[in-house]
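Before any questions on how it binds or moves, here is one chain, the form predicted on its own, in structure tokens.
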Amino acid sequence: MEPVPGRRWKKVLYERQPFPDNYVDQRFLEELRKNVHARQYRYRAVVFQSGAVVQQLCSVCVFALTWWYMDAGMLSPQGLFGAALVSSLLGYVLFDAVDGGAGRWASGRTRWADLKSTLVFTAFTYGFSPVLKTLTESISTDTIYAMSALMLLGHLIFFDYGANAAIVSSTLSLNMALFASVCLASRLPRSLHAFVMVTFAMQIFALWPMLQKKLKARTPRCYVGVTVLFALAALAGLATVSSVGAVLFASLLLAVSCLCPYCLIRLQLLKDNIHGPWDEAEIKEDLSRFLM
């Protein structure tokens, strides 16, 4: 069907018109818009946000190094427990000092409640440490290592880095890290080693990210400094085990913190999303009143 001369096409459905269903006039492309929802990133801001990924990579590295030192007999469980206790107390004080106790006041949680939770967790973990030590005796060591590696990889994938995405799950990420710690702790020499290893895993995978998020929100410069020092400490520890591993890990950190943000900025220039009258309709009006 050809357009009728003198008859102007209307973009309506309720009126019969002498035009084919797929007909559009020259005004169709006048409403074309490009990159309506595109975000403009700054390199320094992207590098700053990548610090969360660097932190978790270093946390996994420090955890694996700690387990290796304990398994090799180069680190005693008493020494690790003492260091973890001191660092936990310092972190606890710093956590309240960053915002002057405003977060604690808003949550209504007291220090006595924190102390009780800590004592209960420590007592239960210590009591069940013999069970944790013998939990995976029937499973081969190679399988334990493979499961631990997959769980730590899943921890990194599902960790909450601040992105609003469906894949983010803080609970799943923490559970996968603790599962990996239990698997690795079962291969240590004694029950005390298993107890200290699981306790250290809870500290570095649960408590440490909480402190980092508060530092990131309240004192960005302090957060950057802590991130750099933590990365250097992880690299120094890894260098004592494998110099090649330290070089590869340093390359990974540089790629995540410097190269990937640069690629993101460059790729944003090539973004070309088009919007127009062909888009699906979006209901922006609040329809909650119809649910009453």
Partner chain sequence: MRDKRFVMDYTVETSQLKQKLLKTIYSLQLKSFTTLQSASPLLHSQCGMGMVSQHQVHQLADKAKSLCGDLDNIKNLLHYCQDDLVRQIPNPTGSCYGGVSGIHCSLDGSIYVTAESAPWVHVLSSTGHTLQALPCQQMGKGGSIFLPEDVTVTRMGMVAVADMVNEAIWIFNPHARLSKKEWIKIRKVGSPRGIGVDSMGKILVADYAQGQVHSLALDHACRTLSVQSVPNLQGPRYVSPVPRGGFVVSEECGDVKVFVSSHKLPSSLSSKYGHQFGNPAGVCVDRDGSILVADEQRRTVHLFPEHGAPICLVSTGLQRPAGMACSSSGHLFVADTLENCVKVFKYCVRPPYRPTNIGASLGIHPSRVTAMVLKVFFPSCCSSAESGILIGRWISEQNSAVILAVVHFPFIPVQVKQYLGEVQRVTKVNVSVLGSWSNSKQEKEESLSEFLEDLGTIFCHEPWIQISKEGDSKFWSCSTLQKHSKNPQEEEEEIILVYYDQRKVMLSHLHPPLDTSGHGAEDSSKLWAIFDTVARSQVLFMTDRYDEGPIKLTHWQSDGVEASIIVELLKQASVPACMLLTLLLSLLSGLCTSRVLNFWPLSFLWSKLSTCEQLGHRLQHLQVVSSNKKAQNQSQLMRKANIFVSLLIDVALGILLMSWLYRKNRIGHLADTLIPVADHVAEELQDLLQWLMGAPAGLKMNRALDQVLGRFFLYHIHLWISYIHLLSPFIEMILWYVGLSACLGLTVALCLLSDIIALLTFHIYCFYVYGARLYCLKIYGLSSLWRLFRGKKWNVLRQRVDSCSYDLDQLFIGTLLFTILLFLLPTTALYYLVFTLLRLLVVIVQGLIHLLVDLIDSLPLYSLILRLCRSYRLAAGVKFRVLEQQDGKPLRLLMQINPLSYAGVVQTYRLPTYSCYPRDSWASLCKKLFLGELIYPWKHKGDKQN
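Numbering follows the first chain given and starts at 1. Since the model is a prediction, treat every value here as computed from it, not as a measurement.
The same protein also has a form predicted together with the partner chain, omitted here; what follows describes it.
Could you check which residue among 121, 145, 92, 81 gets a heavy atom within 4.5 Å of the partner chain in the model of the complex?
It is 121.
Identify, from the list 172, 150, 211, 192, the residue with a heavy atom within 4.5 Å of the partner chain in the model of the complex.
After the contact test, the surviving option is 172.
Answer yes if any heavy atom of residue 219 is within 4.5 Å of a heavy atom of the partner chain in the model of the complex; otherwise answer no.
Contact check for residue 219: no, nothing within 4.5 Å of the partner chain in the model of the complex.
Counting only non-hydrogen atoms and a 4.5 angstroms cut-off, does residue 183 reach the partner chain in the model of the complex?
The answer is yes: residue 183 has a heavy atom within 4.5 Å of the partner chain.
Partner proximity in the model of the complex: residue 132 to the partner chain, non-hydrogen atom cutoff 4.5 Å:
Contact check for residue 132: yes, within 4.5 Å of the partner chain in the model of the complex.
Residue 176, heavy atom within 4.5 angstroms of the partner chain in the model of the complex
Because a heavy atom of residue 176 falls inside 4.5 Å of the partner chain in the model of the complex, the answer is yes.
Thinking of the partner chain in the model of the complex, which stretch from 136 to 144, 73 to 81, 96 to 104, 211 to 219 has heavy atoms inside 4.5 Å of it?
Checking each option against the 4.5 Å cut-off leaves 136 to 144.
Contact check for 117, 125 and 207 against the partner chain in the model of the complex, heavy atom at 4.5 Å:
Every residue of the candidate spot has a heavy atom within 4.5 Å of the partner chain in the model of the complex.
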